[in-house]
Ligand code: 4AD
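First comes one chain, alone, set out as structure tokens in the form predicted alone.
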Amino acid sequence: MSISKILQEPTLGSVITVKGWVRSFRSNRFIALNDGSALANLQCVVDFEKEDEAQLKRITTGACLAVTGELVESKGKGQSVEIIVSSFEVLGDAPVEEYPLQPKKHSLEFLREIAHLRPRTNTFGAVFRIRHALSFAIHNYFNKEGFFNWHSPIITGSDAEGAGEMFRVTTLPNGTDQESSEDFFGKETHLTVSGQLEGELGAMGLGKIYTFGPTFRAENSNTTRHLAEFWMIEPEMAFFDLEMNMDLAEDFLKYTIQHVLDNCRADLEFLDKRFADEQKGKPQNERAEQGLIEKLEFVVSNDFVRLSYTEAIEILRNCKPNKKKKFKYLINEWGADLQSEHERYLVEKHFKAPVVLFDYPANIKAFYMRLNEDEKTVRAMDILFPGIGEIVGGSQREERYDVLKQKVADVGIPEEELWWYLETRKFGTCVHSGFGLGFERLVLFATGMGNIRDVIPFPRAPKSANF
């Protein structure tokens, strides 16, 4: 039985067996055992006078134990129940002089170096349980809304973003002069940057689909917000215009965050305290105005503010940080690509609410977004969150064959590479929309962690693929 279940539904007086890892062993008597199912440990009380001394010495931090005994009401502080140990078995030793996770405070940088062990810490146990809860909520949400889970390919011959920053997949030897036609797939292929284009194909036959899988960007970005491998959720919906797309994205975000608030309270309270302690170490002007749980509750209970890119540019151009040259990237004119500092100003300072921006300049957005009648802007939308900036990016897709064909040509993508995508606009085209959510950005927001490498079990970044 898991420790989580024991603590939720304690059957006092019953004899039970639990297995887990030792977090601490005090006074040769009190074992704090944790099996990863919950933040809380289960206290196991050993009668050291009756136990073999050699076996007691093996109960060290990190050791794996099976403990059998009676579950009783605890007389000590800090726990409601405990086990009076009748027998125990050391399943796996953890020598004190070698085990790096001794009971003391460890830096996140150090824990990244031992990613194989960090799930055993309170912080990462909480983060990864919340990551699971969010993943579960996402599948639940789309299932209840009538979406079908669509598995888009990981190896692809197309570049959905037109960015060119892709990992190549090849079986040709290094330094070869062989043509791509001699490669495994008979052409140049890469790891996908997005499942969107293939997702649109699914929506044009099944109505509403969503993808949820790994995506890859070969960007040399050593930042707290970028990964080379990350997970994306990308719904695509036939017959949805931009307004319906924004409605769905807002409802979806609120649902998933509410699920975490309802089901991960102990982990959230632990991370909330951690977040508050972290804020105390920052300069006053950089501190978050809301605590972690307060921030999550604020998002689910407030309507998102919606405004056009043009309105946002006016606000930013005339704001104090821009006029006093406090922004790293100054906003001088319409057409500027918004940076994280601009997005966060709108959310955290100006509106003090999540913000949905729409109708962006066509030349800073992808080729597949629907061109507006002004021929300057596209039906794009981004959702901006406090502390994160952009968390969702989406659009109404360009459904007109001739317009899309011209846009593909304008960005220099050979038409023969996307013939199948263009054909969906020839055969029964319709208005359709979709969006993408970087899953790690959502986990980052829900956990209050400061670095995206701390919300995925094994982060992939430049010069970093150790596990």
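Remember, predicted model here, so these are calculated numbers, not experimental data. So that there is no doubt, residue numbering starts at 1 and follows the sequence shown.
Beyond what is shown, the protein has a form predicted in complex with the ligand; the following relates to that form.
Contact stretch among 415 to 423, 434 to 442, 57 to 65, 33 to 41 - heavy atom within 4.5 Å of the ligand in the model of the complex: Answer to the contact question: 434 to 442.
Look up in the model of the complex whether Arg131 has a non-hydrogen atom within 4.5 angstroms of the ligand, and give yes or no. No - in the model of the complex, heavy atoms of Arg131 and the ligand never come within 4.5 Å of each other.
So, Phe230 and the ligand: in the model of the complex, are they within 4.5 Å at any heavy atom pair? Phe230 belongs to the contact set for the ligand.
Is it the case that Ser194, even though its partner is missing from this view, gets within 4.5 Å of the ligand in the model of the complex, heavy atoms only? Although the ligand is absent here, Ser194 would touch it in the model of the complex, with heavy atoms inside 4.5 Å.
Even though the ligand is not shown here, does Tyr368 get within 4.5 Å of it in the model of the complex, heavy atoms only? Tyr368 belongs to the contact set for the ligand.
Could you check which residue among His106, Arg225, Arg306, Lys376 gets a heavy atom within 4.5 Å of the ligand in the model of the complex? Exactly one residue meets the criterion: Arg225.
Which residue, Arg217, His190, Lys208, Arg118, is the contact with the ligand in the model of the complex, using a 4.5 Å heavy atom cutoff? Of the listed residues, the single hit is Arg217.
Report yes if all three of Val18, Gly125 and Asp267 come within 4.5 Å of the ligand in the model of the complex by some heavy atom, otherwise no. No, none of the three is in contact.
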